[in-house]
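Below sits a lone chain in structure tokens, taken as the form predicted on its own.
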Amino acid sequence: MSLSRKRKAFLFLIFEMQMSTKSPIGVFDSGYGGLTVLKEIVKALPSYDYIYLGDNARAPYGTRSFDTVYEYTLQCVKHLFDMGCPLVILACNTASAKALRNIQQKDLPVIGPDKRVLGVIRPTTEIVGKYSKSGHVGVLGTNGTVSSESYPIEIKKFYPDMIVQQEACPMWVPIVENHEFESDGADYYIRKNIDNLLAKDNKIDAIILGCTHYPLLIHKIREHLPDNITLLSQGEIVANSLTDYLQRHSEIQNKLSKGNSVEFFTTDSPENFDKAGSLFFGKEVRSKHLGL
């Protein structure tokens, strides 16, 4: 073997050794929305390493069946495990609603008994009662999240007497992903869905944004909301919940590496992901392609 080839082999070995010691927090979403959650997690916990995986090639998940969402989500979780992640956050409401329970109860004991997978629904439902004086709350989400009934079910565990109304907003994600934030169409559909929700219960005083795309519409949503209604966005809530979780679970925290790094992967075009992803993440994103 020539000297240059030996040197390359040596450098590659060093790279592999470095990668093997990295144990990042994995953050998964069907597309871009989870970047709004990752943004807040990195802000709250900047010292850790992170890997973000967006399954853009198969997005959106919101209209897919429970079985399909479960299959896709499990594939991506396994990939993040293979990339060294001992902890994975499903930063996707649809995946959290349709796949999380199965993965936690059925798959983890087999594929990763020492690993953990967490979702974004439970942290929000745990604290919603702090923001509602009337005991009447609303949920705005995708078809998949709303039809799963995950929010009403989880909220009832913490607040048995709370009244929960939901409204599916199938046009909101396309509005965001097509950058139609300021269009007349955005105003029309946002106003329509909010009016539909409030028509179901005029005592609602807190609304959960049950999709990680929706924070990009938050100024428009507030324009069409009465002033007395509190709007709950998940990014900061999930970040605070994760901070608390790691403080309580040293067995997981001690496995995580701290190198202040963030890596991005997409199952579709990195060029397209970087362009849209930077909008969601709030700063430049440079991704790599991951084939499933």
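Start at 1 and count along the sequence shown; that's the residue number. This structure is a prediction, so every number in the text was calculated from the model and none was measured.
Quick note: we don't show the form predicted together with ligand DGL, though the next part is all about it.
The contact residue chosen from Q166, T73, S132, T145 relative to ligand DGL in the model of the complex is T145, the criterion being a non-hydrogen atom within 4.5 angstroms.
For the candidate set I207, V88, C211, I190, a heavy atom within 4.5 Å of ligand DGL in the model of the complex is found for exactly one residue, namely C211. Within this chain, F264 is remote from the site of ligand DGL in the model of the complex, having no heavy atom within 4.5 Å. G26 falls outside the set of residues with a heavy atom inside 4.5 Å of ligand DGL in the model of the complex. Residue contact with ligand DGL in the model of the complex: Y61 places a heavy atom within 4.5 Å of it. When ligand DGL is considered in the model of the complex, V173 lines it closely, a heavy atom lying within 4.5 Å. Stretch 92-100 is the contacting one of 74-82, 92-100, 190-198, 108-116, since its residues have non-hydrogen atoms within 4.5 Å of ligand DGL in the model of the complex.
Contacts with ligand DGL in the model of the complex, taken as any heavy atom within 4.5 Å, map within 24-38 to D29, S30, G33.
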